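Below you'll find only one chain, the form predicted alone, shown as C-alpha cells.
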C-alpha cells in the first residue's frame, strides 16, 4: 500500500508533453502533489523517476458525465465510487463529475448528503452536478447556497423521464434565472419526453418489445427539437448552458442556429456516438447492451459529431457511464422500456478517442486534450487546478504509449460489469502510468491507491470565455 504522502517528488523525463495548446519535449518535476518545474534536461533529483521517452505526457482526463451507484429503473448502476473511479484511473481519467439526483419532494441538501456518503469510497478525484427534479422557491435558495458555499456550480435538468426526473419548461426558466444571477451553469438531457413516452406506448401496444424499439421510440427529432427549445430558453434568460450526451446532426444544427444570434451553448458528446451506429440494435436482445438514452444514431450523425469536435461546436467528450450487469439488463427481456438505460464506458473514453480520433486523423492531439480535460476544467470551474500541465496545477498526469495496440474485453477491463459493449475492439494507444496529485495511481497494470484516496473538487464559476 502506498501511503497518501504528498511530499513525494517525481521526475518524468523526456516525455512529449501535450496540452490543449502546446506540444513539446520536456521533463516534469512534481513536488507536494503539484507540478513544480517544466523544462528540458532538468537537474532535479526525485524520489521516483519515470522515463517517458517516446511516450505522450498529458493532463489526467476529466469525465464530466458519470453515474456511479445511481438508482435507476428499480436498480442501481453496478459501479460504485470505488470500482468506478479505479476503472477511470486505469483509462487515464483522474477526475469525474457525478450527478446527484434530487428526490422529488425532498431537498437538494439531503440528496447531497446521500452522495457524500457514496463518494467516501472514491479512489480518484470527483465533483458533482446537482440534478434538480423539483424546483420551487425553497430549492432556489439551496441552489444559491450550493454555488456560493459548497462549490457545486452546475445543475442538471431533464426534459424526459416524466414523473421521476423531468421538470417542465416553466420550472426550467425559473431555475435558469436563479443560476444565471449567481454565475452557475444549467446542463440538460435534451429530449422531448412527451413524444418519446407516446411512441413507447404505441410500440408496446403493438407487441413490439425488442431493444430495436427503444431506438425507434426516440427519433432524431425528439432530440433536435428539445435542444433547440433549451437554446431558446437559455437565450431568453441569459443563462449559460451545456447539452449533455449529444448524439445527432439535428441537435448540433440547433446549436449552430443559436450561434447565428451570437449565442454560445456548450456541448458534450460521448465515444459511443462517435464510434458505433444504430445497426447495433439489429442483434435481437444483444442490442440491450446499447440501450441508453438518447440511443445510438446513424452513420451520418457520427460524421456530424466528428465535424462538431473539429469546429469547436462540441466542447467536451464525456461517457455517460452508467453500467448495468447482464442480469440487470434482462429485466427488460420482454419489454424494451424496462431495460436499464446505460452502458460501461468510463475506462475506455481516452483510449477510444485517441485511437478513433487522433490516430485516424479526425482530431489533433491538442484537440484530444482539449475535449477530454482542459475544456471540462474550464467550463466547470476547475481550471487551472485541473485539466492542464502547468506550474502550480495538480500533478494529475498520464504517461501514454501512442503505439501500443490492445483489445478491449470484459476479461481485462476493471469496471464492475460482466460484459463489454466494445468486446474484441482493437485500439491503438494505451494508458501506461497515471499520477493523481503526484501519487502513482496506475503503474505496471496495477492500481496503487485505495478507497478513500479521492477528494472532492470544490468548483468555481466557469472560466471558459464565451
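Numbering follows the first chain given and starts at 1. Owing to the predicted nature of the structure, the values given are computational and were not obtained by experimental measurement.
Absent from the display: the form predicted in complex with a small molecule. The rest refers to it.
Proximity to the small molecule in the predicted bound form, defined as a heavy atom within 4.5 Å, holds among 123, 246, 376, 322 only for 322. For the options 342, 91, 241, 184, the residue carrying a heavy atom within 4.5 angstroms of the small molecule in the predicted bound form is 342. Segments offered: 354-362, 123-131, 170-178, 291-299. Contacting the small molecule in the predicted bound form at heavy atom distances within 4.5 Å is 291-299. At a distance threshold of 4.5 angstroms between non-hydrogen atoms, residue 437 is out of contact with the small molecule in the predicted bound form. Although the partner is absent here, residue 281 is not a contact residue: none of its heavy atoms lies within 4.5 angstroms of the small molecule in the predicted bound form.
For residue 161, a non-hydrogen atom is located within 4.5 Å of the small molecule in the predicted bound form, even though that partner is not displayed. Residue contact with the small molecule in the predicted bound form: residue 72 places a heavy atom within 4.5 Å of it.
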